[in-house]
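What follows is one chain in structure tokens, specifically the form predicted on its own.
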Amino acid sequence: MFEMAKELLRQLFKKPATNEFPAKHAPKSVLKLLEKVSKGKARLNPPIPVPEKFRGKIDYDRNKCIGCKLCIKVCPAAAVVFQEKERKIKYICSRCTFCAQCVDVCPVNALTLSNEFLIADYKRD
């Protein structure tokens, strides 16, 4: 218990190792920020590369899709909806749990995983 409290106090006064996200106050000029970084008055950490096999936002290629509906059957979150008129699917990102089951089952690789992870927005669609 004492070791945990000791580590907690140590971390409390350490500077963060990552960039603030989202930035509380976005700079009006990125050039001014870079100028501060070059003078040593500010610090920017390089972004960490996305690891292999990262399960990011799903990309859908409408031209490859054959309308087999297998992705709809395996999706646990009902994030894939079939559009009868076009005989294609509609992918609803706000419902997706990024399990990649639809990507695995697609026979023509119309669904693929991207490296995109910054998908937060003010609108659900």
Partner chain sequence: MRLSRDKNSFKISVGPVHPALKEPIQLNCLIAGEKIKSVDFELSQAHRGIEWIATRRNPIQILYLAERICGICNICHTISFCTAVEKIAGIEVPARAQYVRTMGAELERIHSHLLWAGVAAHELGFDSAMHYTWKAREKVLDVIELLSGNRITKGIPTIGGVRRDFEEKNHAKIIEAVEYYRSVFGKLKAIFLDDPVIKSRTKDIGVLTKKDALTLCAVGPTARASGIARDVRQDEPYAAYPDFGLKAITPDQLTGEIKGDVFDRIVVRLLEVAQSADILEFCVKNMPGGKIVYEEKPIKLLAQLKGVHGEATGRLEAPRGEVFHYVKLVGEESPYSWKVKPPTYSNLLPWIPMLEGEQVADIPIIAASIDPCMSCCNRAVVAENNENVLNHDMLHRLSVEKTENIRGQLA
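Predicted, not measured: the structure shown is a model, and the values here were computed from it. Rigid core here is just the name for the largest C-alpha set that superposes within 1.5 Å across the two forms. Positions refer to the first chain, counted from 1.
Absent from the display: the form predicted in complex with the partner chain. The rest refers to it.
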item	value
Partner-contacting position among 34, 99, 93, 65 - heavy atom within 4.5 Å of the partner chain in the model of the complex	99
Heavy atom within 4.5 Å of the partner chain in the model of the complex - residue from 87, 39, 53, 43	53
is_contact(residue 8, the partner chain) in the model of the complex, heavy atom dist at most 4.5 Å	yes
4.5 angstroms heavy atom contact with the partner chain in the model of the complex for residue 58	no
Contact test in the model of the complex: residue 122 vs the partner chain, heavy atoms, 4.5 Å	no
In the model of the complex, residue 80 touching the partner chain (heavy atom, 4.5 Å)	no
Contacts with the partner chain in the model of the complex - residues in 48-77 whose heavy atoms fall within 4.5 Å	51, 52, 53, 54, 55, 70, 72, 73, 74, 75, 76
Shift of residue 115 between the shown form and the other one at or above 2 Å (CA, core fit)	no
